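Same chain, two versions here, written out as structure tokens and called structure 1 and structure 2.
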Structure 1
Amino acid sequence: MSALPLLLSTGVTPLLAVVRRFDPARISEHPLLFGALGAMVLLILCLAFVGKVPLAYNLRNLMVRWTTTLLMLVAFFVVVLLLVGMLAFVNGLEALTNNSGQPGNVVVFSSGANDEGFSNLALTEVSNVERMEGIAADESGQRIVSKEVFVIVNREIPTPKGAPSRRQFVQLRGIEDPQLAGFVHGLKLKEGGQWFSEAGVEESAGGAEGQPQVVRQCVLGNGIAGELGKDRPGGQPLGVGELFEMADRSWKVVGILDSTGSTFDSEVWAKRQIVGEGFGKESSYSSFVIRAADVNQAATLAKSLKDSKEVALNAMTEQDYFQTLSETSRTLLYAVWIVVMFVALGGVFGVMNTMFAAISQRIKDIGVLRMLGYSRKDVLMSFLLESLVLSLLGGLLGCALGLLLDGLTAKSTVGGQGAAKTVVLQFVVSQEVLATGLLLSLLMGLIGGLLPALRAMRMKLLETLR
């Protein structure tokens, strides 16, 4: 019994979040989806009000054969929940790449590099970039260009002695000016934290023989703080002031970033020089992230950087860059639909079975209705309505439970070969996801119910009465 309040309390928050996110304006952005759903709802209403056989007749019959009704309800529910869950995952992945690029930002890589992993910019290159027209300036008149170096660390996960060694990839970003970088990427520190110092290191207790040791300061994204904490006893996320081991060094968490649902949530930030020295990138940057003076000018700025004869660079708006990383979500989306189509197909055969059986059990009912003057169309509508009502109930149930998945976190990968980033994402149960789930359910009901209903309609009156 105690599970119920728990379920309700965990259920209410995502429910509210989903409701709060509901935006009627977005309906017009997906005319096909909401149009189809609207058409299905209209069809149900039509069948219920234009069809003359009372709805109670169908509902009672569903209750009379309650075992098959229940089994089919669960089947609809499972299929819809599966779809909602998988789409919410892909949605979360897409949100990650969509949220990561700031409007107005331009990223600059070395010429030929499409990704920060392969990009090598000489330290001197920055002056060429800062000279460009159209870069925003801060209060002190300094042009807003964040100079960054990016490495993927192959980190040994501390395991108890004797256990097989395990490793994880950690995205580490070296930042020249943390305040500036935070501003450029739209990131804020959580309360209680601070940015790393100019030196990027500090003395801390815990060195060999009780001596203070020099540790590297870093700021963690919210997601990676959780991931790094997972493998220690208790598994709680790392917090400000705590130490962890990475690449044979001790690192101290000086701040945690507020979650923004971007790939930066899965990054460790530290001083650029510290990262450069530790990973053989002392004399190069991976990228410059520039804030354009005018949001609408970002694309123009990117183009002029890319086409510039004086510097050999590759540049694109940050939003475009993160779009190139959505390859994984496209792959997953395609896989999700293949899987769902076949599962739904299996479900459709189940619906057909129940409806064909319902009809052969009620041949006499069909005869009586026709005898009393109900038309063939009325019979068709009644049986179609019955399977649609069943699918509607199952679909609603699946969507309702699907709401609970909103906000769930999971690990995934973005980007393709060679440029993959491990990220922590949050399931996003959007109105589109729910609409898709419900639509799938109704389509299963429609397709599975249509053939049997047509058979009911085609029956010869005198034969049904015999």
Structure 2
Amino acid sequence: MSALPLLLSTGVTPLLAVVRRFDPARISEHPLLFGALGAMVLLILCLAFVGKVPLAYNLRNLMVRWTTTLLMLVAFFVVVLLLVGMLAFVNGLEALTNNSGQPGNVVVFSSGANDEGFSNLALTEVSNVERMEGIAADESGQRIVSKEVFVIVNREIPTPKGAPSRRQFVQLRGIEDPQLAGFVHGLKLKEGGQWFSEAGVEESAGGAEGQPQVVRQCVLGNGIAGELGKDRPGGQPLGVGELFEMADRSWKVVGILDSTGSTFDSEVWAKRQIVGEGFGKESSYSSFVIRAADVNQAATLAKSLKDSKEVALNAMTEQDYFQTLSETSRTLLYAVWIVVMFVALGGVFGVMNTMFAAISQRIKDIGVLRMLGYSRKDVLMSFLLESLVLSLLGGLLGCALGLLLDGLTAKSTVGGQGAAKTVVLQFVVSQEVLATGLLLSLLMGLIGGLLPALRAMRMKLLETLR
């Protein structure tokens, strides 16, 4: 009995999350989706109330032929769960890129570069950029420009002695002013953490022969903290004060970013000079992230930077930059629909085959119904209603289990124009995803049940009584 509250909470929590996100206004944004779903539900109600064959007859047949009923439910359930899961993944990927760009921010790369992974900005270009008009300033008059270095580190994962070596790619961002960068990117530290110091290093116990060792300070995104902790005993995320090894150096976690839902959730932040010196970027930056003085003029500032004759730069609003990274989610969405359509097509044929088999077992029932005075149309409506009700139940079951995926995390990549970044995303089961899954199930029931129902309607009375 003790497992029951846990099971209920596991199912209720994602349901409440979806309910909290439910927005009636978004129904009007997808009129075809919700209109089609409403039409299907209306069709079921019409068949139930207009049809003359008693509903008790359909219910009894479903219960007596429970194996056939179960097979059809499983077919609808599997297809809907697959669709909900894949769409929730794509939703999470899209939400990740959409939530990362801050209104009013402009990202500056070197001329010809469209991503910070390929950009090299000279240190001397900072002053040229800061002289541009339209850049916001803080209370001291300093221009709000976050100067950053971005590198990808091939980190060796600690393994037991004798086990094969394993590696992972870690995204490391060098930050010149962590508090300014946190403000520009709209990120704060979780309670108990702090930004790395001006030096970016500190002494820590645990060196050779008990001597203190110099460790590099860093701040972790919430997602990468979990990834780095997976290979430790217990698999708990890294926390403040803990050490880990990367690039033959020891790193100390001094803070955790409250970054869930953004691409920065998968990054390690450290002092820019340390990252630059250690990874071949000591004399250059990867990007400048600028806050525009007027949020509504960010695009204008980006254009003036890009078109400037004094500096050779490429600039775009941060929101536009992350939109280019969302190309991955759009490609995945097309792939999802191709896979689902093939699976749904197989499901339709499966439902059709099962319904034809059910009709062959009920030929005499059809004859008795006709002898009792029920018309061919009544028989058609009765069999079609059975198929639609089963598709509705299977779809609801698939959506209910799909709710458990809401909030689960997974690793993926985002990228566009040749660049790619590894990210930790959360599945997002939205009202549109659930509506799409339910509509697909009902369409499968309609298409898969229509031909068998037409066959039952066209059977001659004498044939059914042989």
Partner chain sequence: MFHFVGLIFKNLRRNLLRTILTALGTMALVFVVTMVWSVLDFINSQTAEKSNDFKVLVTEKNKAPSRLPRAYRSSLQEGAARGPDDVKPVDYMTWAFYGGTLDPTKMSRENFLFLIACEPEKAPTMLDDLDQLGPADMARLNAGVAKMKKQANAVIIGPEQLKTMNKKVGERFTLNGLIFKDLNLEFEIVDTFPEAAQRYGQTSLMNLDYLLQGIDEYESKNKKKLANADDPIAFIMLKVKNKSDYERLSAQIANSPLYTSPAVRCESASSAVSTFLEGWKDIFWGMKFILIPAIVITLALVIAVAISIGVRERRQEIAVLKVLGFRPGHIMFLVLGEALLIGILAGVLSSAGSYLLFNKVLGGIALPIAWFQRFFIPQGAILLGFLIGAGTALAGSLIPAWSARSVRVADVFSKVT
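For clarity, a rigid core is taken as the largest C-alpha set superposing within 1.5 Å between two forms. Note that this is a predicted model, so its numbers are computed, not measured. Numbers given to residues start at 1 and step along the sequence of structure 1.
K.L.:
Choose between structure 1 and structure 2: indicate the form predicted alone.
P.N.:
Pick structure 2; the other is not the form predicted alone.
K.L.:
Verify the C-alpha shift of L405 between the two structures: is it 2 Å or more after superposing the core?
P.N.:
Stays below the 2 Å threshold, so no.
K.L.:
Align both forms on the core first, then report whether L384 has a C-alpha shift of 2 Å or more between the two structures.
P.N.:
Result for L384: yes, a 2 Å-plus shift.
K.L.:
After the core is overlaid between the two structures, has the C-alpha of T354 moved by 2 angstroms or more?
P.N.:
It does, since the T354 C-alpha is displaced 2 Å or more between the two structures after the core fit.
K.L.:
Core superposed, what is the CA shift for V41 between the two structures, in angstrom?
P.N.:
Comparing between the two structures after core fitting, V41 shifts 2.7 Å at its C-alpha.
K.L.:
Core superposed first, then measure: what is the displacement of the CA of V50 between the two structures, in Å?
P.N.:
Shift of V50 at C-alpha, rigid core superposed: 4.8 Å.
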